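Below are two forms of the same protein chain, given as structure tokens: structure 1, then structure 2.
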Structure 1
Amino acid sequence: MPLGKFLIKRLLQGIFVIWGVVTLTFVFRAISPGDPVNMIVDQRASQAQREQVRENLGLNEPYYVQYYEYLQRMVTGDLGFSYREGRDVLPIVLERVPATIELAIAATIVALVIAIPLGVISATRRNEPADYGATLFSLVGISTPNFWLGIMLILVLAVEVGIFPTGRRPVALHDALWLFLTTFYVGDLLTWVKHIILPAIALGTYFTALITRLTRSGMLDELGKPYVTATEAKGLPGVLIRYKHVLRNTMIPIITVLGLQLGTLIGGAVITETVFSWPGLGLKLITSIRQLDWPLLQGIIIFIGISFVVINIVVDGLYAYLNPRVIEE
């Protein structure tokens, strides 16, 4: 199958998945208790005023009509109108995206910086203390809930030791970078780094443990192959063999998981952002649930779903490009 046809197939599957997400969010809103009109009008409003608001929002229409109009709005990029904030949902979502992406990328960097060297050391020193330590670390990392880890990091490193702030995002990365590039002032950039370290560790710990395990198992498979013995016989340094030849052949599954997990990190940042008051999509999602702001809640879920699908299609395309056998299978 050609690569283009493969990507079109993945794209159609992605559209079907997005349609499923949109439909489920509509169904959940329809069957959830509570009248949306009560969230908009004052409690002292008359019945006539309530009916007028209901008619303006189209809530007096049958569900199939509401669903049809809902799909029409989604196709045109209209995610609805937030009852609580009094403005369109799409700008609210887009305002929060940079903070979530910053956190997801920072967590990914933390994971890669720790996991790949740890996985290589664990594989090359199999059944030695370093291997046992790395295996124990990965087991603890996978087993530890990120919300509990986040709270512990705040209590120990922010409250008791006081070397990191407890949370928040006083400055955006793009603003700090722009200030640094235009004035060489590094203060805002350091402030951003200081505030994102604990959330990135909390969110990236599971990812770190997963990549450590993948790197270790991939390295062990490659180290037993004849080309490694041949390069050793040629007298190449062990570090060169491990990091240039063996690790490179181990990277394809790691890159695949990296892309897939980036989507998971964006969706999984809900709890971490709440613990650290990080103003991203996750924190806004929790706020919209508390306020029963269904249009905003639906918009955030649909946006996360679309992001996850797009990232998966890109990863599938890269993987198929690097390994054409995937298309044939």
Structure 2
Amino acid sequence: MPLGKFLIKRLLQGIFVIWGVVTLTFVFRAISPGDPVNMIVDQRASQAQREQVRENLGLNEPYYVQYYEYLQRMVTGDLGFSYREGRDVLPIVLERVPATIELAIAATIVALVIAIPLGVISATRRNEPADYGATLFSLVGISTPNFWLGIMLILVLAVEVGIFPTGRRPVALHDALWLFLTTFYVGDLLTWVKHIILPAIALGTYFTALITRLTRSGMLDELGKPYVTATEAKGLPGVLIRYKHVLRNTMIPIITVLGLQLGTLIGGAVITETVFSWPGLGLKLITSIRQLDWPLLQGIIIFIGISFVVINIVVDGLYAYLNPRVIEE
């Protein structure tokens, strides 16, 4: 199958998934107990205000009409209107996206910086103390809930030791970078780094443990292959063999997981963002649930769903490009 056809097929599947997410969010709102108007207006609101909101949202219409109009709006990119915030949902979501992406990427970097050397050491020193240590770290990392880790990091490194802030994001990365590039002022950039380290560690620990395991098992598989013996026989240095040849081959599944996990990190940052007051999509999602802001809640879920689908398609495309056997299979 040609790559283009493969991508079109994946795109169509993605559209189907997005339609499913959109439909589910509509169904969940429809079957949720309570009058949606009561969830939107203040409890002190008069009957007239309630009716006005009901009419504005088209809640007087039968469900099939509401669903049709809902789909129509989604197709045009209209995620609805948040009465709580007094504005459209889409800009609210978009202004939160950079913070979540920053956190997801920072967590990925933390994971890669720690996990790959650890995985390599673990594989090359199999059944030695270093391997046991790395395996133990993986086990602990995978088993530790990130909200607990986040709270512990805050209590120890922010409150007790005081070397990191407890959370928040006083400056956006793109603003800090722009300032740095235009004026060489590094202060904002360092402030950003200082604020993102703990959330990135909290979010990235599970990911670190996962990549460590993948690297270790991938390396072990590769190390047993004939080409390794051949390169060793040629007298190439061990470091070169491991890091240039073996690790490179190990990276293919790791890159796939990286891409897929990036989507998971975007969706999974909810708890971390809440613990650290990191103003991303996850924190907004929690706020919208607390305030029962259904339009915003739906919008965020749909946006996360679309992001996940897009990332998956991109990763699949890249993987198919790098490894054409995937398409043939």
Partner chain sequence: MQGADKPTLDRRTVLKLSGAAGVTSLGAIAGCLDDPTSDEDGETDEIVITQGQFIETPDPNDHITGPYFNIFDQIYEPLFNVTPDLDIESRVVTDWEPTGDGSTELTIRDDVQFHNGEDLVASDVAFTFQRMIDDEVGPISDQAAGLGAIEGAEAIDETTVRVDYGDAAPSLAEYQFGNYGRVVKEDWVGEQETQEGAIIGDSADAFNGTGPYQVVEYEPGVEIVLEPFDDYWGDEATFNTVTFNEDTESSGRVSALQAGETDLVDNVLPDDVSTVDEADGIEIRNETSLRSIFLVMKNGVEPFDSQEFRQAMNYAVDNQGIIESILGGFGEPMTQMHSEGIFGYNPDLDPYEQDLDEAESLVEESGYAGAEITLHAPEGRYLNDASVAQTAADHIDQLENVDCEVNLRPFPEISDGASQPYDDDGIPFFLIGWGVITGDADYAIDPWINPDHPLETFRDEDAFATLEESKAESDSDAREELLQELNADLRDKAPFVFLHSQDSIYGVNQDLDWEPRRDETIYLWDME
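FYI, numbering is relative to structure 1, first residue = 1. This one's a predicted model, so the numbers in the text were calculated from it and none came from an experiment. Basically, rigid core = biggest C-alpha set you can superpose within 1.5 Å across the two forms.
Of the two forms shown, the form predicted together with the partner chain is structure 2. Superposed on the core, the two forms barely differ at residue 277: its CA moves less than 2 Å between structure 1 and structure 2.
Taking the core as reference, the Cα of residue 50 moves 2.8 angstrom between structure 1 and structure 2.
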